[in-house]
Structures are given as C-alpha cells and as structure tokens.
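Below you'll find only one chain, the form predicted alone, shown as structure tokens.
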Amino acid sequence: MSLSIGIHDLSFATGEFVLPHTALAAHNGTEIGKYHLGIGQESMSVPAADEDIVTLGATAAAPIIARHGAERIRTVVFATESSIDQAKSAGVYVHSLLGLPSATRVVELKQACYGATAALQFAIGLVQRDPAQQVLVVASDVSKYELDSPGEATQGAAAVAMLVGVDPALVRIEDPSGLFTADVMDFWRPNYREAALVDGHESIGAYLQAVEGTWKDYTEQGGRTLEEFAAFCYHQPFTKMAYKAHRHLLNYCGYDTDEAVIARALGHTTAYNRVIGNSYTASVYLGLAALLDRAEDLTGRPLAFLSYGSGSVAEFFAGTVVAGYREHLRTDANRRAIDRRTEVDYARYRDLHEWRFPTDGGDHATPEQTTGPFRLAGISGHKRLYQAR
C-alpha cells in the first residue's frame, strides 16, 4: 500500500510595506484599469530595508515549528530565484534563526518560479524513503524590476513554508506528474544584475507552451481527467495570467472557454496574489493558501497545480484535500500578514526600491523598519548579520 504524503502545514509571510497600484498609476500616468483589470493586480508588497528572503522565509516557517516542533525535521529545502549568495544556502540562515537541530541537511534550489515545486517533490521522495521524517520546504522571493519598466507593476515579496510528511493534514500529493522543459529566454537575471530581464510577449508564449506540454505528459502518464478537478492553482506572475493559462488549457483540450466556469475554477486562488504581487517560487502555493482559506468545503476534492518557471521548466500535478483540513488552516494569521502592511506612497517605495548595501566590505547597519520577528541587521566584512527580535 502506497504512503499518503503531502502538505501537513502551510504558513506564509509578506513584506512590511505595500504600494497600491493607484499610487503607481498616478506616478506614471497609466489608466488604473490596466492594472486592476488588465493584469489583475491591486497592490504589491514591498520589503523593508531590513527584510529579505531569509527574514521572510524564517517568518513564514516559525509558526510551523511552534506548532509541530522540529524533532522530525531532518531536511530544509529553500527555493528561491532571488538568492542572496552564490554559494551559501539562504536556508542555512533560516535554520539558525529557527534554532533547528544541527543534524539537518539544508540546500537551496533554483529554477525560476518552479523551484518550490521541485522542492516539494524532492521532499516527498525523502519522506517516501523514511516516513518517520518530515521536510521543511521554504519558498521565498523578492520580485524586483527596474523602476518605470513594464514589469514594475508585477513586483511583490512573500515566502511560503510547507511541512511535508506522511498522513498530511491539508493536501495529499498524488502521482503522476506531467513534466515539460524548453530552453527559452523569456526571463533571466545574470549574476551582474539585481533586477531581472523579461521579454513579456515571449514569457506569456513560453508559459502557454508549458501548459500544453505538462498536460500532454500528465495525461500520457495516466493522470486524472480535466473534469475531476475542483479547482486549479496556477503560478501567478500576475493573476490574469492564471485565467489566460486556464483558458488556453480548456481550448487545448477542446472545451469551450465559459468565463463563469473559469471563474469558479480559479477565483479563490487569486485573492492573495492580487494584493501581494508576484512572489516567484511562492506564488502557486499562495494560490493554494487562498483557495483553502476561502472556498467552501473541499474535503476529498482533487486540486490541480500548474507550476511554471521561466527558462523554462513546468510541472502539472494533482493533490486531494484531506478530511478535517479546516481545523489546521491559518486563515486569520494569513489575513493579518496582509493587513499588517503599512501603505507607502510612490516616493517612499522608490527609496526602498533603490536602497542597497555598499560593496566595500565595511560595517553597514540597516535602518530598523520591520516589525516582524526577524531582521537583517546589516553586513560586516561582506557577511550578512541577522537578528531574532
């Protein structure tokens, strides 16, 4: 008998500040409908100067450790595409901030926005090998584009932490997966750049190509039929991309694209991404969090996941919602994480966007801005210094 393995707990965190898209539109003269309707975004999280992928990841994971302890966690997999170091895993800093046991393996994974799904699947494999263990998966990213660029409106920042183990309390992940990889230059960030480069038209086309490729492989591997799924969690670089992707999948499978049907399949999944912005690796799992928090009872219902990472790698897989899942949700905490953000105007956002450490190897402290439990205190000798508050 195969083991039941999946997501036992899920928690997320986002930045200290928020920029409404009305402020961005007022700055650049864009009609607000282009943001609210065109890309489906209302606001974007902006990290404080003393926040980064480590502080966000630790903040997301801390409630999981508080609820379950760390005795069974022997692996931490940190997924990101906005890494802070070319050698050291950001997860090692999180491991330290959370006080996890030294008998733990920690590694960082990278493949654009797909990395968290790779981490989830790797975690399932580790648990399959030793069901007594649990794996902590952390997906954390700060999405950053150049000021006044087309991608600026899709920025965001968030981290999702997931505890993976046997007999999960939330979602049981199923076999098979549909896989797809293509060498595409739709989005990339060379080592010498802080802001990513993106070809928007190419990226949309590459995403839709991956939708077709993953579904084709999923069906060939003996997966579920499209009609079986209660909802679809897509990667959301902007929330309207999920609608575009699902419309494309329906067309590819020969179905009419009834807008009411699409809205029922996706509507709840976009609630958090719409106000947080693009969180890269965390995006599809913020969609899951929003769905579980907002939908009517999903017990026993299959969910579809389409995880896409530019460049490009994608995966389509399914999970079934477990009986009693509502007792384990963090709905109030999730809403507080969003509501606690302080609104900033465009000038303050611009200052935060442009803030960066000098690269001279000296001692440099960060302004104390975050009210979260962890902060990036500064750097000294090119070493990042973190504090638990």
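Residue indices: 1-based, along the sequence shown. Please read these numbers as outputs of a predicted model, since none were measured by experiment.
The discussion below concerns the form predicted in complex with a small molecule, not included here.
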Evaluate residue 244 for contact with the small molecule in the model of the complex, applying a 4.5 angstroms cut-off between non-hydrogen atoms, and reply yes or no. yes
Does residue 358 reach the small molecule in the model of the complex if we count a contact as any heavy atom within 4.5 Å? no
In the model of the complex, does residue 343 come within 4.5 Å of the small molecule, counting heavy atoms only? no
Closest heavy atom of residue 201 to the small molecule in the model of the complex, within 4.5 Å or not? yes
Partner contact check in the model of the complex: of 148 to 156, 102 to 110, 121 to 129, 252 to 260, the stretch with a heavy atom within 4.5 Å of the small molecule is 148 to 156
Listed residue (172, 189, 74, 240) with a non-hydrogen atom within 4.5 angstroms of the small molecule in the model of the complex: 240
Contact assignment for the small molecule in the model of the complex, among 234, 280, 316, 272, heavy atom within 4.5 Å: 280
